[in-house]
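Here we start with a single chain on its own, the form predicted on its own, put down as structure tokens.
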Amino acid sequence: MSIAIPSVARVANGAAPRRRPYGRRALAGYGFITPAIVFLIGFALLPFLFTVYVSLHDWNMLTAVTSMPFRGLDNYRYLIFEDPLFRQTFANTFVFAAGNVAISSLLALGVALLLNGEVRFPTFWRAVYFLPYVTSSVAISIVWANLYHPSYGLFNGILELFQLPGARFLASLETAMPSVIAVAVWHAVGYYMIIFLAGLQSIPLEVYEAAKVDGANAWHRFRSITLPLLRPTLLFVAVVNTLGSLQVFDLAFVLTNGGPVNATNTVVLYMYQTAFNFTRMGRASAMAVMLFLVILVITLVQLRLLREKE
């Protein structure tokens, strides 16, 4: 008792008890995160800084990096003011992104609403819709290129069956971009359907039951309950889909290689052509930096919109 009483008295007088040191635990935590930090620095930050550095120089990848002529902002100035093809590819990229995001998001939401209701074999239909997304985009592009073929393609065969004139899907200025967008929509709709389905299943059923008791029909329930509660999912799908669409390369490269007459040429594809076909790595790096800035702005908008109001 004589030993415990002074200890209690010290606690009662406000003296802080002796804390257990956490040095080993802190070191263990730093040890776990160190590989991730090293990976990000080595494979993300340093390559990005090198890209910015190269964008300020003129480099043909044949000379040493240390002897690159410094150009300052000339590469950026040339792309913005003197390169009409770069402006066209930027416009093509945004047209592709707008069409892909709008159509795939609406279709994915519609399919998710159907599968969220009373449907037989829901697991089977989810797998069927999700299957294209796990397939290689290059393989999908090759298959669709054959479907679009003007001579032996399936689509022109169907048109011929109904005695309709054939179409040059990938070789026409009017149909090339819509044809590429159609492939992108078919490829991605299953993935966003799964995300929408997860958002729909997180909405409590009691809310819908209360609305039914109040006399709300299906449209009113969708407009007043589903859409507001699905808003974070809608924003996530829209932003992620937009970011992916702005970086499209494989579909345009395999289906059309940017043609006809650069009608489907995108920023990333033009970046690839500038770097490896014309060995102008400085201008290609400047394109990459500008595309990064656009994606950064959209990401900041995403964070702003997804921020919960206090």
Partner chain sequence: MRRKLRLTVVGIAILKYAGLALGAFFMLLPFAWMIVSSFMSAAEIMARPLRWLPAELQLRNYEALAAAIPLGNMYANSLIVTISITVGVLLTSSLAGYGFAKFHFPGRDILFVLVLATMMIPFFVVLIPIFFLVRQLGWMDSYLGLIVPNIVTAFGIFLMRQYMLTLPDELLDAARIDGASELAIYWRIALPLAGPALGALAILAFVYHWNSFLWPLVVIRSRELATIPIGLNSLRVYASSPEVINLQMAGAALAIIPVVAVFAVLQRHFVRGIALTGIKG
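Residue numbers count along the first chain shown, from 1. Bear in mind that the values here come from a model prediction, so they are computed numbers and not experimental data. We call the rigid core whatever largest set of C-alpha positions still superposes within 1.5 Å between the two forms.
Here the subject shifts to the form predicted together with its partner chain, a form of this protein not shown in this document.
Mapping the unseen interface onto this chain, Asn265 falls outside it, with no heavy atom inside 4.5 Å of its partner chain in the predicted complex. Within 4.5 Å of some heavy atom of its partner chain in the predicted complex lies at least one heavy atom of Gly153. Among heavy atoms of Ser285, some come within 4.5 Å of its partner chain in the predicted complex.
Though the partner is left out of this view, Pro132 does reach within 4.5 Å of its partner chain in the predicted complex, counting heavy atoms only. The putative spot formed by Ala36, Leu115 and Met281 is fully lined by its partner chain in the predicted complex; each residue has a non-hydrogen atom within 4.5 angstroms of it. Proximity to its partner chain in the predicted complex, taken as heavy atoms within 4.5 Å, picks out 121-129 from the listed stretches 203-211, 94-102, 121-129, 81-89.
Contact annotation for 267-294: residues with any non-hydrogen atom within 4.5 angstroms of its partner chain in the predicted complex are Val268, Met271, Tyr272, Ala275, Phe276, Met281, Ala284, Ser285, Ala288, Leu291, Phe292, listed in sequence order. Comparing the forms between this form and the one not shown, the C-alpha position of Gln247 differs by less than 2 angstroms, with the core used for superposition. In this overlay on the rigid core, Thr63 has a C-alpha that sits 2 Å or more away from its partner position between this form and the one not shown.
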